[in-house]
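As a starting point, one isolated chain is supplied in structure tokens, in the form predicted alone.
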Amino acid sequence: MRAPAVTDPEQAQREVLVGDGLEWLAASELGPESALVTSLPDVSEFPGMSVEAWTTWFSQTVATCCRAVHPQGVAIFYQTDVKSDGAWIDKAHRVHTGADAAGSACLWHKIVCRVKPGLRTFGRPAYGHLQCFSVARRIPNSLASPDVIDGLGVMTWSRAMPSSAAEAVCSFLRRLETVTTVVDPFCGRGTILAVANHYGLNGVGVDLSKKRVKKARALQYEQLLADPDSA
């Protein structure tokens, strides 16, 4: 995990593993050079699990992720709210609940526009949440960036992290200067890993799906932007 900092994307390293991301975190020791960046799975990805059980799992998993990073490290989450039985599940609240339980403070909370303002959406809101937490790290005002990200960019699938959020995160991490590696324990098809490599950051991903891991190992930044549906 203590890979050296790189500035040339051609030198950035990537490792993607098949397995349980939480088990991997429990067996790993992340230093201050590692930033955890992820999106947690929706309740729809847990057949047979009740919404109540999933919301508990969700906040507990956020807490686990926040505890896994070094006190001077950061944990960043991208999530979009979902509806259940006609009521919204506020994932930003669930993320904050888990982070609070881990003793992590919110360094910033950004809104990612999913559609143009003024348009109606159904099932998913017109925005996503991008939130950054740390136990001890604090950032100066000089590292402030816009709180509203205008547009998704591209996505490899409906539950992927949008490229606009990944770009904002990696730009922020490069400006921190101490971060060399992005860790995603629920990496899916690897959007954040491909963007991290493009920004000269190393990437480590874990996912239960062998098919998604294969895609995450192969995904390149140029492919992501040019033809996300093929990723």
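Values in this document were obtained by computation on a predicted structure and should not be read as measured data. Numbering starts at 1 and runs along the sequence shown.
Only in words, not in the display: the form predicted in complex with a small molecule, which the text now covers.
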| request: With heavy atoms only and a cut-off of 4.5 Å, decide whether residue 161 touches the small molecule in the predicted complex. | output: yes
| field | Exercise: residue 9 in contact with the small molecule in the predicted complex, heavy atom 4.5 Å | value | no
| task | May I ask you to check whether residue 180 falls inside a 4.5 Å heavy atom distance of the small molecule in the predicted complex? | result | no
| Contact of residue 34 with the small molecule in the predicted complex (heavy atom, 4.5 Å) | no
| query | Is the small molecule in the predicted complex near all of 95, 98 and 106, within 4.5 Å of a heavy atom of each? | reply | no
| Heavy atom within 4.5 Å of the small molecule in the predicted complex: which of 170, 40, 30, 204? | 40
| Pick from 64-72, 171-179, 47-55, 186-194: which stretch has a heavy atom within 4.5 Å of the small molecule in the predicted complex? | 186-194
